Structure formats: C-alpha cells, structure tokens
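Taking the form predicted on its own, here's one chain by itself in structure tokens.
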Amino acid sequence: MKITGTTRVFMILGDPVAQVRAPEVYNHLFERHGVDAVVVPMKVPAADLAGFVRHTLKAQNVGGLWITIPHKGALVGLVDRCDPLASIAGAVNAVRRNEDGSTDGALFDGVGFVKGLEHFGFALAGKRVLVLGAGGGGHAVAAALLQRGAGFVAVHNRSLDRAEALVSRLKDSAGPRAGVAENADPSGYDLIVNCTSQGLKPGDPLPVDVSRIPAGSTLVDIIMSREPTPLLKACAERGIAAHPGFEMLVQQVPEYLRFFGMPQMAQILQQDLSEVRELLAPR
C-alpha cells in the first residue's frame, strides 16, 4: 500500500483493537479501487478519548473515525451533530470531519441490519418485531427497524427498566409503533431478533423458546460467531428461517464509504458485495 502526503487518513478507535477487521478490509478495498486513503487502528483508553478525538480531528488530512467498543456511546457527546438513528440509540460508530472542521456522527449498525433483512428476502414493511435485549445492539436495531417501516417493535430485556427507557426514546419518533414486551414469548411476531449476549458462552440458556416461534416467522441472531449459535441450530431443527448477524457487518461497508465521501466506490460495492463477504468472513 502506497502512503503519500496526499493520503487521507482514517482511524478506528477502540480499547482493545487487536480484534478489529476494518484496517485489513478497507485498506484492501482502497488499494483495489484506487482510493488514496488508509485506515489505522488506534488503542485509546476511555480516560484519554475526549482529548484524543478533539486533537486528532484538528488535522486537516484526517477524514474521520471508525468507532468500536467501548467508545460508541461516549462519541455522541464529542461530535457537533448526530444523525437521527445515533441520537435515538445514544451511540455512534462513524465520525466524519468536514472541510470546515465540524464533525458529524452516524450509526450504521441498525442500517446494516435492515439491509441484511432485504438481502435475506424479508419484507419489513408493516411487520411485528420482537427485539430481545436493550443494550447497544438492541438500541441500534430497534431504531432502524422503526425508521425503515416496521409496523410494531416490542423490546424485551431481563431488566425491564432498560426496555422501558429504550421504548421511551423510540416513541418520540415512532409513537405507538413501539412498546415493551414483558416476556420473551415470540408468538404473534413475524420477526424475532436476538440482541442479547446469550449464546456467547457454553451453557447459556436460549434467549427465547424456539418451540413458540410461529411457523413462517424469521429469526436473526446478531451474535458474531464462526459457528452457528445454539439459537440458530435450534431454529434449524424446527425448520424456522434463521440467519446470523454477519450480513449486518457486510451491508454497513457501503454506508461507511458513502458517509466518508466515496459514493462511487460505495455504489460499485453495493451492486456486488461478494468481495466484502469474503474479506469479512469469520476466521
């Protein structure tokens, strides 16, 4: 990769960053498509985040930041403007430095999820959705589902107050199309989305009773895992259409590129994302 004095610099901020895939993915794409840019990982502790962001974005050849754990929530208060989904979810995973030095924050997790549904052939408009988990993933997914036309989104969380807090934020824009599910019963829903961490560790209980998922419904488990999660396996045994969260990562790539001022490259990749899937495939 050739880096010169004209190269546009992007950084991915996290702590840790050893696990991040963005540099290898985007640097490959930049080189292949002739874009003079580079993505560099930066391990920044939470205590130093505000100062790092403030000073780094003063550099005029810095195009912006990718944001990963645990900084997505903190960045909301460090940018000048946030898009609607980031404001509702209270999290940012991309920050753009504009020519005048101002900054815009965006959140593409939920957008990637909904585009993944389209890739799976699931028509979202008017559907009833149960979102399990009111953490960061649940916030992003629920907000995007409502923005993209879901008929009703119910949020369930083991701590009911967290679900109520999320639904309160969702109702500001979605009104009665958002509500709290007091239990995880999936009956009556067209789509069930697992945004909990249940399934990451051996012996975790399933977050939902698969036997009660209606025939014809669809489930998506956003846990990123090389092997199918226990929830996905249980759905397969019952013949329930079920998909992993991998596609939401793939579908975010064109969104990042468009946000950072590379619309032509974004359009080319959106037409055929097979290269991106190969680059992001679990190893």
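Computed from a predicted model, the values in this text were never measured in an experiment. Numbers follow the displayed sequence, beginning with 1.
The protein also exists as the form predicted together with another copy of the chain; that form is not presented, and the subsequent description refers to it.
*Asks:* Does the 4.5 Å heavy atom contact test between residue 35 and another copy of the chain in the predicted complex come out positive?
*Replies:* Answer no; every heavy atom of residue 35 is more than 4.5 Å from another copy of the chain in the predicted complex.
*Asks:* At the 4.5 Å heavy atom threshold, is residue 61 in contact with another copy of the chain in the predicted complex?
*Replies:* The answer is yes: residue 61 has a heavy atom within 4.5 Å of another copy of the chain.
*Asks:* Is residue 39 close enough to touch another copy of the chain in the predicted complex, meaning at least one heavy atom pair within 4.5 Å?
*Replies:* Yes, residue 39 is a contact residue.
*Asks:* With the cut-off set at 4.5 Å between non-hydrogen atoms, does residue 268 touch another copy of the chain in the predicted complex?
*Replies:* Contact with another copy of the chain, no.
*Asks:* Tell me which of 39 to 47, 229 to 237, 65 to 73, 210 to 218 has residues with heavy atoms within 4.5 angstroms of another copy of the chain in the predicted complex?
*Replies:* Among the listed stretches, the partner-contacting one is 39 to 47.
*Asks:* Relative to another copy of the chain in the predicted complex, which residues of 17 to 37 have a heavy atom no more than 4.5 Å away?
*Replies:* Residues within 4.5 Å: 17, 18, 20, 23, 24, 27.
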